[in-house]
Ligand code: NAD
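First, one chain by itself: the form predicted on its own, in structure tokens.
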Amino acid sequence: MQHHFIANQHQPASSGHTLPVIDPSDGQAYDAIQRGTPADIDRAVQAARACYEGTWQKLNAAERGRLLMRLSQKVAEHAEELALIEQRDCGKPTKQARADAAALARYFEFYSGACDKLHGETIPYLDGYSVLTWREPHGVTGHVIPWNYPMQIFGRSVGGALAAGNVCVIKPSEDACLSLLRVAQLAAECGFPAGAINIVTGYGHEVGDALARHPGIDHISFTGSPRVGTLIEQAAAERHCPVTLELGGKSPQILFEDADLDAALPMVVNAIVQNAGQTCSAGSRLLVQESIYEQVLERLADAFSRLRVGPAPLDLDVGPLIRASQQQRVWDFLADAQVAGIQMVAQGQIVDEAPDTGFYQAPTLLRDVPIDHRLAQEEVFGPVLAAMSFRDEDHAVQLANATPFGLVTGIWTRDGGRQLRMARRVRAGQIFINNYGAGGGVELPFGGYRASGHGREKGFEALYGFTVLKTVAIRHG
């Protein structure tokens, strides 16, 4: 039985109710979490405020950095334990769960070194004045963490907020929160003061909504769907609370006829099957120049047909989807494709060892997907790749920008001029040229255009969003 983590203590929900924890690999419950209430959020916010005003804001930046470095080292020491927790809770293959634990340690390491590098400026002004700026933390920040990458998103969101001098109240997904509860315990063991990191579990419409509306929250960071992001922002707007939103994407990989296909195609496959396609930055659209379209599809068909799907502990190419409703969502998209006459080129294989009660979906490659079909416009959040062809640069840009999203784009071409022209014209927060994802890139600012959200996480840029800029003008004669 798992409890909330508030003020460095495990605490039950005020409601006395719990929610089951389901293993996506077999669909069976194996643990329980607290079903939080607005009263639990209020307790956590009060603990955070007491910590901020009583302890945390009195620590200098170097001391905050040392705490974060200790936590980074602690996470590294417990990486295998955390990976196994994440594997079962999220259905991640072992290698992905281990990568997530390593990324969490790296986030805390990066932000530990950034704490005392966040500087203000002096501004030349009128004679007899000295003007300076400094950055102050918001105070108590709220964080809504999704189920697809709990550890990684905790690291980039909470790590940045703590580095900037805030304290945090976290609402993780009810589908995946066990690793974060363990990390909070590790932080307490590292010496984080009571109230610096608080976690309240439960449903989004109950505790997530209460977090967004709570008058004691000074900033909200949300990663999730555009629909819920809109609700979060509307709730926060009622009290003029700033919000950072990362809302997913429909990211294209653009292959020109001069692309190095030996380098590109393995990344194209990985970008849609990693974490069973449940990735906001998944390369879910494939745009291929007409002259190489058939060649690319033939090679990808072979790659897809060799992919294997199964229980997380088997450490295959793809694990299960997070829950039954997500599995049904993917099935609905594929059913719509069949009705529309969209051709399936290839699928992977679900292994015999996969229980029928698990939430599995074979990776699927579809061709000639019309740009106005929902498969080309909406986020499937499953291992489904929609391929289409283009004529030239202008046509590629038109297709790339033809969705409401703008998160990530991959551009594959040896032409240096084309690389820069395309990077300028495509509307996306991250552009990768002759690669995709750059190995995770803790240092690289991340966020999107339009329906993909606003604000930036990751890298040093994230610290600006977690602070308020103050200008001080001194008249001295």
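From a predicted model like this one, the values you see are computed outputs, not experimental measurements. Each residue number is its position in the shown sequence, starting from 1.
What comes next is about the form predicted in complex with this ligand, which does not appear here.
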- Among the candidates Pro226, Pro355, Gly139, Gly120, the residue which, in the model of the complex, approaches this ligand to within 4.5 Å (heavy atoms): Pro226
- Heavy atom within 4.5 Å of this ligand in the model of the complex: which of Leu104, Val158, Leu407, Ala97 fits that? Just give me the one. Leu407
- Using a 4.5 Å heavy atom cut-off, state whether Asp209 contacts this ligand in the model of the complex. yes
- Considering only heavy atoms, tell me if Pro172 and this ligand come within 4.5 Å of each other in the model of the complex. yes
- Glu86: touches this ligand in the model of the complex, heavy atom cutoff 4.5 angstroms: no
- 4.5 angstroms heavy atom contact with this ligand in the model of the complex for Cys280: yes
- Message: Each of Phe110, Val167 and Gly441 having a non-hydrogen atom within 4.5 Å of this ligand in the model of the complex: is that the case here?
- Response: no
- Within 4.5 Å of this ligand in the model of the complex by heavy atoms, the stretch out of 307-315, 241-249, 189-197, 343-351 is 241-249
- Message: Pick out the residues of 128-151 whose heavy atoms come within 4.5 Å of this ligand in the model of the complex.
- Response: Val144, Ile145, Pro146, Trp147, Asn148
